[in-house]
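Here you get one chain, nothing else, as structure tokens; it is the form predicted alone.
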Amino acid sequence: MNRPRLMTGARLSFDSVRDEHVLLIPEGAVKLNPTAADVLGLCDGTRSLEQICTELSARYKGADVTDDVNGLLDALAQRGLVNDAATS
């Protein structure tokens, strides 16, 4: 995936009542942990996967996040929740 973005109609939200991040989709909602919310918050279709990993690495004190980010985005892409803006 080159430039990940959320599927059309999806948006990130924070449910203050339940104190959790969610990805709102037309069919419902997907609960997210804070790290997944950070990743998806950068998936706007303009940033490359490399730029996203660089930004997250800086946020997480230099941690190598590439494999984790790829794994999350691959899993969400299989569910149709994330796609590649570079191929659309």
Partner chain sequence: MQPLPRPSSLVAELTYQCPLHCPYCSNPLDIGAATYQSQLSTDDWARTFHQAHALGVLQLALTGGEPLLRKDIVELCAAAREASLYSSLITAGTLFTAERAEALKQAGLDHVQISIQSPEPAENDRIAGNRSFDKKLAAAALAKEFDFPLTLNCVLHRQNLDRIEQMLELTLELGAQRLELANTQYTGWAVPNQDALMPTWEQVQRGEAAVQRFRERVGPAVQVLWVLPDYYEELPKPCMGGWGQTTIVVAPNGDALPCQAASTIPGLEFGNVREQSLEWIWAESDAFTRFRGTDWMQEPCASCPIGHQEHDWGGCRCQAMRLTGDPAATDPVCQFSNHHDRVVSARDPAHQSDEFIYRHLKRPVHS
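Numbering follows the first chain given and starts at 1. Keep in mind the model is a prediction, meaning the values are calculated, not measured.
Below, we turn to the form predicted in complex with its partner chain, even though it does not appear here.
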item: Its partner chain contact at L24 in the predicted bound form, heavy atom, 4.5 Å; value: yes
item: Any non-hydrogen atom of G80 within 4.5 angstroms of its partner chain in the predicted bound form; value: yes
item: Its partner chain contact in the predicted bound form: A63, any heavy atom under 4.5 Å; value: no
item: Touches its partner chain in the predicted bound form: N2 (any heavy atom, 4.5 Å); value: no
